[in-house]
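Okay, so here's just one chain, in structure tokens, the form predicted on its own.
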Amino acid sequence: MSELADQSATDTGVAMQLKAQFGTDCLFQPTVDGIPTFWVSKDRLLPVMSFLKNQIKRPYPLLLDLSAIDERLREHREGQPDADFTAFYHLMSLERNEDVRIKVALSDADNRLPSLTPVWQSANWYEREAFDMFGIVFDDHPNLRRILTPPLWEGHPLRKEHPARATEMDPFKMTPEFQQAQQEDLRFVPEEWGMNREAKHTDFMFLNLGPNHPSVHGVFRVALQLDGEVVIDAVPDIGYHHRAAEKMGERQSWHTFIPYTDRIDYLGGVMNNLPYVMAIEQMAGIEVPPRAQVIRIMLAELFRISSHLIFYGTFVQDVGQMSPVFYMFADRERLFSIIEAITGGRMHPSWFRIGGVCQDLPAGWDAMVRDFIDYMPKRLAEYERMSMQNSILKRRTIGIGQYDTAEALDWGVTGPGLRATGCDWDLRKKRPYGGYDQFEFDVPIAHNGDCYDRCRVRVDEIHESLRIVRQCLDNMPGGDYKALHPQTTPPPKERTMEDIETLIQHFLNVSWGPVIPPSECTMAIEATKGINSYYLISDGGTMSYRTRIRTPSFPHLQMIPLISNGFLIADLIAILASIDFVMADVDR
């Protein structure tokens, strides 16, 4: 590793400003993704992060991600400081249109760090997750407790010594003592949630909303502190849907993990595959053919329409309208018939591949797509009159659950929730990936940052997605649907009958997966609910050494207390609906 002063190639501004402020305390690490990456000591972490958010010219107001790496079994760490664990922080600057990654080396014997909650509100849950998964302790954290696993869970799941499969563990036994301990742990104690039982002239009531209730849209619990029907505090409780997706990503081959990505935002379909395969392609140096790029964009935008239709229908249902959800589900089924004809699957086709897509478009695909995009605008106009112009819906959503751009960034909000505050930020426009720079479309924004505007932005995005799909339809290039690169997985099936080398390559790439050179890479996309990114680390093998999945729904739910306190329970239902979250996207 070289000192910061020697890294002229990375002088994007932030490097020199860090050097001027902290001298040689920040050390540079080159990465495949080109994100400026700096190592700092733990005692300099808080000053560096405060500088990047509040003092640097054109600051980094968004803490996009925070997690850790267990380095103890990693073989290829050339140029990096010795560490048993690494904590990393991914920051984003909208003014610069630039990211920066900060890393801190930790030893197993001293794995404590200062909490960044005084700097970013969104650091709260991220630090709890790093504590839960890795055992890293964040000093002065307001509520450092497990977040995704039960309080009595033994060990830290993303440490390398923790079993990855149930077959690696002792048989499960539910002894009476263990059962009693679990039951006792479920006892609700308001003080442990930061709630008071009473105030002057008031005895508060406590209510569980969820974890099994239609209006919480999944296995999700909100502990409510109420004064009558007024919400005094609303504390989200997550983890009921946790499936250890990141742990699975470190035990599957690069190729066989693709179906698992579908289950993150399970309404996003193949859009979940996209950041994962694009990160691998960048690490392997694979160039995706133009036809495959356009097919990917078309399928991703069709799934964006599908996801937004689900949101639209359930949102208006939650505020009292019953009919629209049935119409919108019918339109979604019509869309799924097209997706099924192209991919062979519906919600989870797992159809993208490293280097392209699974197969070429079938005969007649264009007629089906054209029929749908000609049909939908009239339906959307009908829904506009039925729902968005409905006076009851407006009264129940305008001015409810409001926040501004600064608050959104401080809490890690991205996607339509950020654009509803007037912030024109969409990765497809600001950092075109996968061929989006070849398409003409607008980025819908609103300005009030309330429940109505969060819906308004998504409805307008359906129109823009239809516009993108029409351009895919009218300008679909010819050529290969998958790259011919040797790391492409798997090679086109038809070529396996031509020569034995391709047959062997096909067999090895499917059974073992490709061998990705030692590297690390983050790839982010504008998913249906906000920024979804994969941070992958290869140790030169057939499996990922570290798979970090950053999802938009996780930070979005953390904001619930800020935007719901002081409103009625009925308003809270509208607020939850307007966030548009998926619990698998939260818990992973």
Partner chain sequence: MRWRLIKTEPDASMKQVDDAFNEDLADSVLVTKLQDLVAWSRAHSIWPFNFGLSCCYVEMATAITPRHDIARFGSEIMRATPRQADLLIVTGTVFRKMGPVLQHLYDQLLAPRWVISMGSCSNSGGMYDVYSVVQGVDKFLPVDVYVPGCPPRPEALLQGLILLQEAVEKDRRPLAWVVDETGGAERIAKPNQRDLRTPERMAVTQLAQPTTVGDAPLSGELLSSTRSDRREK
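Only a predicted model underlies this, so the values are computations on that prediction, with no experimental measurement involved. Positions refer to the first chain, counted from 1. For clarity, a rigid core is taken as the largest C-alpha set superposing within 1.5 Å between two forms.
Absent from the display: the form predicted in complex with the partner chain. The rest refers to it.
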For the chain shown here without its partner, which stretch in 381 to 389, 406 to 414, 486 to 494, 361 to 369 has non-hydrogen atoms within 4.5 angstroms of the partner chain in the model of the complex?
361 to 369
Have a look at I310, M476, L209, V459 for me and say which one sits with a heavy atom within 4.5 Å of the partner chain in the model of the complex.
I310
Contact residue in the model of the complex, chosen from L274, I339, L113, M133 - any heavy atom within 4.5 Å of the partner chain:
M133
Is the partner chain close enough to C26, F51 and M205 in the model of the complex that each of the three has a heavy atom within 4.5 Å of it?
no
Can you tell me whether P289 touches the partner chain? I mean in the model of the complex, with a 4.5 angstroms heavy atom cut-off.
no
Taking the partner chain as it sits in the model of the complex, is G435 near enough to touch it, meaning that at least one heavy atom pair lies within 4.5 angstroms?
no
According to a 4.5 angstroms non-hydrogen atom cut-off, is P214 in contact with the partner chain in the model of the complex?
yes
Residue-level question: is I400 within 4.5 Å of the partner chain in the model of the complex, judged on heavy atoms?
no
Of the residues spanning 237 to 256, the ones with some heavy atom within 4.5 Å of the partner chain in the model of the complex are D237, I238, G239, Y240, H241, H242, R243, A244, K247, M248, R251
I want to check P171: does it shift between the shown form and the other one by 2 Å or more at the Cα, with the core superposed?
yes
